[in-house]
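Read the single chain below, which is given as C-alpha cells and is the form predicted alone.
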Amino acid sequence: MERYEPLKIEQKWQKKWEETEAFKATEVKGQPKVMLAEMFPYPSGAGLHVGHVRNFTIVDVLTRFFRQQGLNVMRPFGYDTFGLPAENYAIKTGTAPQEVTAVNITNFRKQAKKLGYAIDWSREINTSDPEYYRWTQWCFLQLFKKGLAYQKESYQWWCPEDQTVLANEQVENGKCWRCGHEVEKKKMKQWFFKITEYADELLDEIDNLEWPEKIKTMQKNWIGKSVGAEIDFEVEGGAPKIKVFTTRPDTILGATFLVLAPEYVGLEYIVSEDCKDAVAKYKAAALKKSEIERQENKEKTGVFTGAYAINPATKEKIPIYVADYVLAGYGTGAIMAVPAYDERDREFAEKLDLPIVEAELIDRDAYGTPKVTYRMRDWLISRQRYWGCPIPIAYDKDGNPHAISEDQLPVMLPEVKDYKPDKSGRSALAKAKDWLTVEIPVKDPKTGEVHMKKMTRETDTLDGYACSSWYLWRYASPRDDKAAWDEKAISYWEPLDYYCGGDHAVAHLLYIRFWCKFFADEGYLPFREPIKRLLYNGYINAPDGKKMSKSKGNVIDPLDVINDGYGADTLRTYEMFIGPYDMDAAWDTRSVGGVYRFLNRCYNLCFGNTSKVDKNVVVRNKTIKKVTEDIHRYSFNTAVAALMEYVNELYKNGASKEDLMVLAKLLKPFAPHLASEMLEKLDSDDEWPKWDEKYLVADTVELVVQVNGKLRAKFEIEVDDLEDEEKLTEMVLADERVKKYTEKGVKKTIFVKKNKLINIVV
C-alpha cells in the first residue's frame, strides 16, 4: 500500500479542478441556490495568514457541504485593494500602488488555490480595477443625485507632517500612528454620505437579522437612538440661548449647571473675557483626544466659561462649563447636568464642588420639545490620498460641485511620480495638472441649452468602505459593462445567504445595509437587507495565547504548515477542529500533528483491505446524522471530532466499502483533496449521505442547561453521552441558545450527571 502523500494528492486535484472549472456557478432555473462569501481581504505583501485560513475555510466547508447536497452554489472571491498600506509603500519606494497590488493579488490567488478552495475564479473582483471603480463612482452619483452625498465643513484629525487627514483609529496618544508627529484638529470641507436618513430602518430591522447577538447589539449601540427633548436655556447677558438635548426632561428641577462640548458652535459668544484663555487652552487639549478617549476617560475635567444660564423651571442662575465628556456631534453639543440622576454629571460635580440637588420629577413635556437624536453620524467619505477611488465631481469657478456625467466614467487615477499629499493638504492628485481640468456639460437654466464648461476635478478619493459597500452585488455579474449589477442575476443569487468574517463588526455592515436600502428605494435591488446569515469567527492566536504579529515573531505562515509535509487538508481540518468557530483559539503545533495522523488513518483505511462484513451500520448512521446536524449549526469542531470517533470504530470493527464511502463524503468539506482521492478509489460520487432513522433508536434522556442557575436550554441526548462530560460541555457551549448568554466569557462549568444537568457560570 502506498503511503499518504498530501502534497502529491493535492496538486493532482487542484489541477483537475482548475482545468474543469469545477466550481463555476451559473443560474439554473428552478434549482435551489446558495451564495456564500467571506469579507474580502486586503492583499498585503505578507500573503495569507492563518486567520485568513480560518475565515476562508468556514466558507469553503459550507460551500462544499451544500454542493454535495445538490444545491446550486456560488462562492466568489475578491480583493479590497485601495488603502494606506500600498500608498505608504509607494511613498517610501516610488513603486506604483498598481504594481504592488497586482503582485500581491497574484500571490493571494496562488495561495488560495493551494488551499483547495471551491472558488468560482471567473467572478474574481478587485476594487482598484477601473472596471470595478467605474461602478463605485456610479453608486456615488446616485447618492449625489438624491442629496445623500453632500459636503460640509467639519473638524478632522490632521497630521501636519504627512499632510493628511487621519481616521480616529490612526491617532495614538495624540500622535500620528505613522510618523509619530503630534496631530491637530483642522476644520475642512469634506464629503459625507447621509446614512442618518436611514437610521430608524437600520435600527428597526436589526432584530430580524440572523446574526450573532453581540454584533446586533454593537450595531444598535453604534446607531444609539435616544428619545428625549430639547430645552432652551437663556444665557445671562444676552448671549445666544443654549439648546440642550436630554433624555430626562422630567429631571430639570435638579439641573444645577450646563456643560458644552469644546467644539460647541457659538462658544466664543458665551465665554466671558477673563475666561477666554483658559477655555481656549482646554479646547486645544480636548481636540487632541479621540472621541473614544473622551468617553472612556474616567477622570472628568472641565473649565468654567464665566457665564451663567437661567434654568427655565427654577429661574435660578446656573454656571456654564466646557467639558470634553460632552461630544459636539451628539444631540446639540450641550447638556443640562443633573448630578443627582446621572453618574457622569455627579463625578463632574463632585470634582468641581458643584451642587447636587435631588429634586422632584415633573411632566416630561413641561419645558421640552420632543426630540429624537442618534449617536451615529453621517459617514465621512473624503480621503486626501492618492490610492483610492476618485470622487466623480468637478468644481466650477465659483466652487460649486458638479457631477461627472455617467458616460465619462470611470474617472481614472492618473499616473503620478510623487504620491505624497501636497503642502495644502490635498492628495497627490492635485499634482496631476493635465488630469485636473475636465469639461462638464452644463444646462443653461434660462435657455435649456447644454454647454461644455471647463472645471477642476475633486482631488479627494473615496474611503475604502465605499468600495466594499456594494461588492457583493457585483459578484452576481462581475464582467457586466452596462450596469453595476445585472437585474436577473441579482434576483437569482441574492441576497447573500452566508457572510463570514472576523472584523468590521459595525461600520462595514452598517454601510452595506445603508446602500442596500438606498438602492432598493431607487428600484435597483429587489431586497432591503443584503445578508441573510452572518458568521463572525474568532481569531487564531499564537501558541502562548497572544495576538500574532510580525514584530513579536510569533506569526504562523500557513504555507509553512503545508510545505512541511502536512498539506492543505491538514491545515484546513485543524483550523476547523481547533475550537468553536466563533471563539478565539491558540495555535497548537502538536494538535496539527494529531489531525495529520487522523487523515493518514483515513487514507490507510481506504487504500488498505476492506471488510466484507458490515458491522458499523448503527455507528455509520449516527455519524451521518451527527456530522450533518453539526455543520448545519456551524459546529465544525464537533463534526470533525465525530469523524475521528467514526474512524476509531472502523479500525476496531473493520471498514466496509459503504463505511469508507460515507467517511469520504463526510470528510470532503474539510479535507477535499484526500476525500476526492478516496472517492475516486471507491468509484463513488460525492452525494451527501442520508441516515436511516431505524438505526438510531436508542435510549435518550433530557439534559438541562442553566447559566448562572437560570434555565436556558434543554437537549435530548443519548444515555451513553452522559459518560462524556467534555463532549457534552462542548456541544452545549456551541449551541446558539446558550451562546448568547455566555458572550462575556465562561468562568466554569458544573456537570451533575445524576441530575442530568450542566450549570455554566459566567
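Numbering starts at 1 and runs along the sequence shown. Note that the rigid core is defined as the largest set of C-alphas that superpose within 1.5 Å between two forms. The model shown is predicted, which means the values in this text are computed figures rather than measured ones.
Absent from the display: the form predicted in complex with the RNA. The rest refers to it.
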TL;DR on 271-279, 660-668, 522-530, 335-343: the one with heavy atoms within 4.5 Å of the RNA in the model of the complex is 335-343
Of these, 218, 380, 555, 287, which has a heavy atom no more than 4.5 Å from the RNA in the model of the complex?
-> 218
Is residue 583 close to the RNA in the model of the complex, meaning a heavy atom pair under 4.5 Å apart or at it?
-> yes
For residue 651, is any heavy atom within 4.5 Å of the RNA in the model of the complex, or not?
-> yes
Exercise: residue 729 in contact with the RNA in the model of the complex, heavy atom 4.5 Å | no
Would you check, heavy atoms only and a 4.5 Å threshold, whether residue 513 touches the RNA in the model of the complex?
-> no
Output flag, 706, 740 and 755 jointly within 4.5 Å of the RNA in the model of the complex, heavy atom basis = yes
Contact check, 243-280 vs the RNA in the model of the complex, heavy atom within 4.5 Å, ordered by sequence, gives 245, 246, 247, 248
Any chance the CA of residue 28 moves 2 angstroms or more between this form and the one not shown, core superposed?
-> no
Please check if residue 324 moves between this form and the one not shown, taking a CA shift of 2 Å or more relative to the superposed core as movement.
-> yes
Determine whether the C-alpha of residue 14 shifts by 2 Å or more between this form and the one not shown once the rigid core is superposed.
-> no
